[in-house]
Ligand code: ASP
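Just the one chain here, laid out as structure tokens, in the form predicted alone.
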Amino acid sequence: MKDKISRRNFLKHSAGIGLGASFLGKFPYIITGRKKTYFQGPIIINSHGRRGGAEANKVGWEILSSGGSALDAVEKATNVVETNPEDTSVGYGGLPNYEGVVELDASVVDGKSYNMGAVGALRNIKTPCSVARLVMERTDHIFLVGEGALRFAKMHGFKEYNLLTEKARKIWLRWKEHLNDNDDYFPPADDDYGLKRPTGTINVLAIDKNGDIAGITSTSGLAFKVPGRVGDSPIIGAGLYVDNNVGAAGATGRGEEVIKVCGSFLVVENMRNGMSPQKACEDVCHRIINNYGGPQNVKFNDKFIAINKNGEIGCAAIRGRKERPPTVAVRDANGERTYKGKYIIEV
């Protein structure tokens, strides 16, 4: 009787053959004298930079420094932000959609197995990245959305919560009250309205002691979005991409623009073709700007972070103030630090 081969295992095997053929003799390395030596991890980075990135990295580093996997590290580091009610861009406490309902998106890629999982428009679950991991590990699918993603999460023991915190509710209410001068919603008389429409996401990327790479992107999406809207974060190749032989990249900001250029995939492909992570991120920002005919037509923002197989880091964003460059929180054997990236359009 012939052994049964699952579709997933067949695809993995086929992909492995292709990757092996493509990269035979071309693995990245650091040249030291006449010797070729690979980067000795571990390292973990995340896009939050100055905004609480160190706290997330601390949890991930505890896993990496004790010999744990990059996949476990990025998940637990992301959970720190997802469960923080003070962070209005990710998970519990994230800003809601137009109707005041929090909908979460997340994706995960395990470079070691080249396996992936994602959830979109997921309600009532604090840690969408952990659900995405289970989609990756416990199904023959990659992407679950909406009610189906919620049922799957509950089937695996996740508890439902009201994700709309008092802080997020008040921000949403202010936005509703100022949305239209002709509607029947009135803000308090002493309200000095200056609320911008926020965006926010977290990317966490890591390399473990074995040189394996993993990444996660998690978000509550564009604040006050149309219900059911899904941005780039759960779309593999847009908001996140990992190639174990090259590196990893993640995106934050205006998701629609990242989707249009397959942003994170393009960053990794740039690195595959010899660009440094920094130049690779900058190049994709330029690509987006050029799609609009130049800086004068770009009113939104996107940010990319990346790490290559050698542990080199990159970070670039489309627009911002020169005195506050885009940053990446980094943790490795040398301790915690902040990597400063570059704005393409300085305002």
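Note that residue numbering begins at 1 and tracks the sequence as displayed. What you are looking at is a predicted structure, and each value in this text was computed from that prediction instead of being measured.
This protein has a second form, the form predicted together with the ligand, left out of what is shown; the following refers to that one.
Are all three residues Gly200, Asp232 and Arg254 in contact with the ligand in the predicted bound form, where contact means a non-hydrogen atom within 4.5 Å? All three within 4.5 Å in the predicted bound form.
In the predicted bound form, does Asn270 have a heavy atom within 4.5 Å of the ligand? Heavy-atom contact with the ligand at 4.5 Å: absent for Asn270.
Could you tell me if Thr127 has a non-hydrogen atom within 4.5 Å of the ligand in the predicted bound form? Although the ligand is absent here, Thr127 would stay clear of it in the predicted bound form, with no heavy atoms inside 4.5 Å.
Contact of Met136 with the ligand in the predicted bound form (heavy atom, 4.5 Å): No, no contact at 4.5 Å.
Classify Met275 as contacting or not contacting the ligand in the predicted bound form by the rule of any non-hydrogen atom within 4.5 angstroms, answering yes or no. Heavy-atom contact with the ligand at 4.5 Å: absent for Met275.
In the predicted bound form, which of 220 to 228, 261 to 269, 128 to 136, 157 to 165 comes within 4.5 Å of the ligand (heavy atoms)? Every other range fails; the passing one is 220 to 228.
Who in 137 to 166 is close to the ligand in the predicted bound form, meaning a heavy atom within 4.5 Å? Result: empty, none.
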